[in-house]
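The chain below stands alone, shown as structure tokens; this is the form predicted on its own.
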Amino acid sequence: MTGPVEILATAVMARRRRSRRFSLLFQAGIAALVLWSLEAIVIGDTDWSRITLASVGRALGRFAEFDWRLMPDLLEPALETVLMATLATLLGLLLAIPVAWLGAANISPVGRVTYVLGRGLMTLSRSIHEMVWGLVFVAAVGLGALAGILAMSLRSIGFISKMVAEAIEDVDTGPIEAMRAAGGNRFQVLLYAIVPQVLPVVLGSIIFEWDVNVRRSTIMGLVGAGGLGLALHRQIVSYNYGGIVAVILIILGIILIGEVASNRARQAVL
């Protein structure tokens, strides 16, 4: 005679077997989709007859011809790139603060309405590529660094505001309740109970976005927005492979210097 314990154990085992079969089928489907994508995009859409060891060697050899003569001419674009990335990050931060305030569910001023508005602005900023923003601002303000700064700042709003808003939603409610119990208003609660908890996230987001904006500035040059990107575009259209390598190394050096500086700034602030 089968008891209730045996019936329950049998049901649990059957459910586990069904779950295991579904998991295996799902993984097999994902693997099949990946293989089909590789065949359709990589294998079927590549001219393999052009890819030989000799052609790869010749291409790498062109990039090995470093153009030292270009280095003095890259100092001013490098400084412009750093200033563009810094100003774009700061402007993006200033614009992201109210968006994060609207998009954080626990402090959104008018509840669901402003929460949806804030999240919509975050999505809009992240959905439109910086190249598109660059084309818009080049048409609006003309060629130069200003168009790149505005484009990168709008692109930065989405990431910074999303990270800050999610950090605000995950804060410890103890300090908030203590501030409210002591008679603190909404601004005091935000300033003394929430900001200290999200400050590391804010600082980390700023540093990461600055690093990303340095690389974005190289793309901005393709639409005439100045900086090292414009210098890189000129080397590409002139087929100066050594100049391309020189610009890339300057960009790498800026990012490495920024990484060291950002680590020291983080240690000093935190």
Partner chain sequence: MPTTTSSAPWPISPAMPPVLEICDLRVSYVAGPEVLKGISFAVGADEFVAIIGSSGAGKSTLIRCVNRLVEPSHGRVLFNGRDMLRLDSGDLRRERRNIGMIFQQFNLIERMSVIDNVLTGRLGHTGTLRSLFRMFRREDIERAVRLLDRFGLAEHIDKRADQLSGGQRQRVGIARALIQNPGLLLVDEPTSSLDPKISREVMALIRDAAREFAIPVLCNIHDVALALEFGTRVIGLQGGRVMFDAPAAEVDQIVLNRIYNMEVL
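Positions refer to the first chain, counted from 1. All values derive from a computational prediction rather than experimental measurement.
Although it is not shown, the form predicted together with the partner chain is what the next lines describe.
Between the partner chain and the residues A140, A178, A105, L124, the one pair within 4.5 Å by heavy atoms in the model of the complex involves A178.
Screening 126-134, 109-117, 86-94, 182-190 for residues having heavy atoms within 4.5 Å of the partner chain in the model of the complex returns a single hit, 182-190. Across the proposed site, G204, G253 and G258 without exception lack any heavy atom within 4.5 Å of the partner chain in the model of the complex. Contact annotation: P200 falls within 4.5 Å of the partner chain in the model of the complex, judged by heavy atom distances. Of the heavy atoms in G174, some are within 4.5 Å of the partner chain in the model of the complex. Using a 4.5 angstroms limit between non-hydrogen atoms, P196 touches the partner chain in the model of the complex.
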